[in-house]
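As structure tokens, one chain now follows by itself in the form predicted alone.
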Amino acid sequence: MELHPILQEFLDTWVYPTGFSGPGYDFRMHITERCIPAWNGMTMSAVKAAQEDAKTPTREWLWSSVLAGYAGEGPQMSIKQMSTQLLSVSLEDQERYIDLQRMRAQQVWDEVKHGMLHADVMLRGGYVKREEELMDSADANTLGILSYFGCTAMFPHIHPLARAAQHYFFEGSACLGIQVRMRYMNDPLDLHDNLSQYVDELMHFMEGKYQMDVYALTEKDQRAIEDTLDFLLKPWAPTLADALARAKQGAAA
């Protein structure tokens, strides 16, 4: 498989270098090999979309992009999804996973801040006059990505490390998508929206990397992460519409 240069650079810079060795690192390399085909396909699709957007002066793509971003990272979704992350560590496990809790506490603010940055682009672009207008929009407050937000609510019932798969796979995808926009676009608001969030998304990816390297040392811990990745890679998982269409196809068969 020929890797896109942006993915190869990401792998060489952030994925392969590590200060750890042992079962956690070995397991993460196994997870990495499973992620690479999806990361590569997503990168090439993002390049194609960026090239199309760059040729479209009406900026309708920018409104769709920031609206979807706000739906996933606005105050409603951010607080709800991140509160479940903190609850995934039980009282008796808090001392063991103290670093994990520090990173997730930081991410609560990161996600809320991302919603604020998306709203800033909407205001600067003239799409809304006040952020409060978005509270009446269903599109600005719902996002049917089963493999992310649907799965998020289940983590307190699975394992403290289960979200490492989501951090590693999804946040890695976010980093690649932002890199594509920064390389292929020159729209100032689009660059503002993406560049202002890149460091946070990279930190979230590194959280998944750290969790696996440091904590995923036993088959039991690794199984919870691998099972979650199995779900994330389901072909029908990206959107609710995909899942419902697949369900209807199955019922009709």
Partner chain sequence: MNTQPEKIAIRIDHDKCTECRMCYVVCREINLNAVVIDPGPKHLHEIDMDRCTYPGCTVCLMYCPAPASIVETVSGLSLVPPPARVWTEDKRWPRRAPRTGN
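Predicted model, so just to flag it, every value in this text is computed and none were measured. Residue numbers count along the first chain shown, from 1.
Unshown form predicted in complex with the partner chain; subsequent notes refer to it.
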With the partner left out of view, is Arg102 within 4.5 angstroms of the partner chain in the model of the complex by any non-hydrogen atom?
-> yes
Indicate whether Glu33 is a 4.5 Å heavy atom neighbour of the partner chain in the model of the complex.
-> yes
Even though the partner chain is not shown here, does Leu191 get within 4.5 Å of it in the model of the complex, heavy atoms only?
-> no
Does at least one non-hydrogen atom of Met206 fall within 4.5 angstroms of the partner chain in the model of the complex?
-> yes
At 4.5 angstroms, heavy atoms only, are Leu3, Tyr25 and Tyr210 all close to the partner chain in the model of the complex?
-> yes
Please name which of the stretches 158-166, 76-84, 124-132, 91-99 has residues with heavy atoms lying within 4.5 Å of the partner chain in the model of the complex.
-> 91-99
Looking at Leu195, Ala38, Val214, Ala49, which has any heavy atom no more than 4.5 Å from the partner chain in the model of the complex?
-> Val214
Taking heavy atoms and a 4.5 Å limit, what residues of 12-37 are near the partner chain in the model of the complex?
-> Asp12, Thr13, Trp14, Tyr16, Pro17, Thr18, Gly19, Phe20, Ser21, Tyr25, Met29, Glu33, Ile36
